[in-house]
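The chain that follows stands alone, in the form predicted alone, written as structure tokens.
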């Protein structure tokens, strides 16, 4: 596998991201000698890994932005034939313990979403994995209104965690942001508090962006392209 250099500027990163627009996953994987799986059944995160490697992301599994030196997080987003997102987008792990004193300003969610490079990728299952193409990159920052709603959702969800209501949180809570189980399988458990303040075992949770929010980002970009 060819190791790509880390982009030193935002402009260099964007140029590299634009250079793969329109190319298939097979073409991109071949260019860096990355073995390609036949499908994503056992390697769900392979597409994200491919794009990370090609663009020179260096965060790995660390809890920091993919391009921390540029203040940019990288997100691949599978889209359907209409250009709409096919699934929710993982943001960060939800802190079920040791969350005293965390504010929106100091949260991982705000940090991860302060500036995002979105890479749309065809995700329709009728298209063979090797033939799925990458779209034009979108460099996005939340508007004041978007950040206010994200903050409101985050606060509501964190209040429920702190009050021991973790088991009452459903995917319907939050307008833009939701909390869902985050684990490779249902057997993975972690500690949290219940409403009586007792420690319980529960599934790890993560913060996810809802599809209607990421759809808003994609559609706004498409509209701006049409205006130009």
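On a predicted model such as this, the values are computed, not experimentally measured, just so you know. Positions refer to the first chain, counted from 1.
There is also a form predicted together with the DNA; it is not shown, and the following applies to it.
- In plain terms, the part of the chain that comes close to the DNA in the predicted complex, with a heavy atom within 4.5 Å, is 39 to 47 out of 192 to 200, 39 to 47, 22 to 30, 157 to 165.
- A residue is said to contact a partner when one of its heavy atoms sits within 4.5 Å of a partner heavy atom; residue 104 fails this definition for the DNA in the predicted complex, lying far away.
- Among residues of the shown chain, residue 181 is one whose heavy atoms approach the DNA to within 4.5 Å in the predicted complex.
- The closest non-hydrogen atom of residue 186 lies within 4.5 Å of the DNA in the predicted complex.
- Using a 4.5 angstroms threshold between heavy atoms, residue 93 counts as touching the DNA in the predicted complex.
- For the partner-free chain shown, nothing in 1 to 30 comes within 4.5 angstroms of the DNA in the predicted complex, judged by any non-hydrogen atom.
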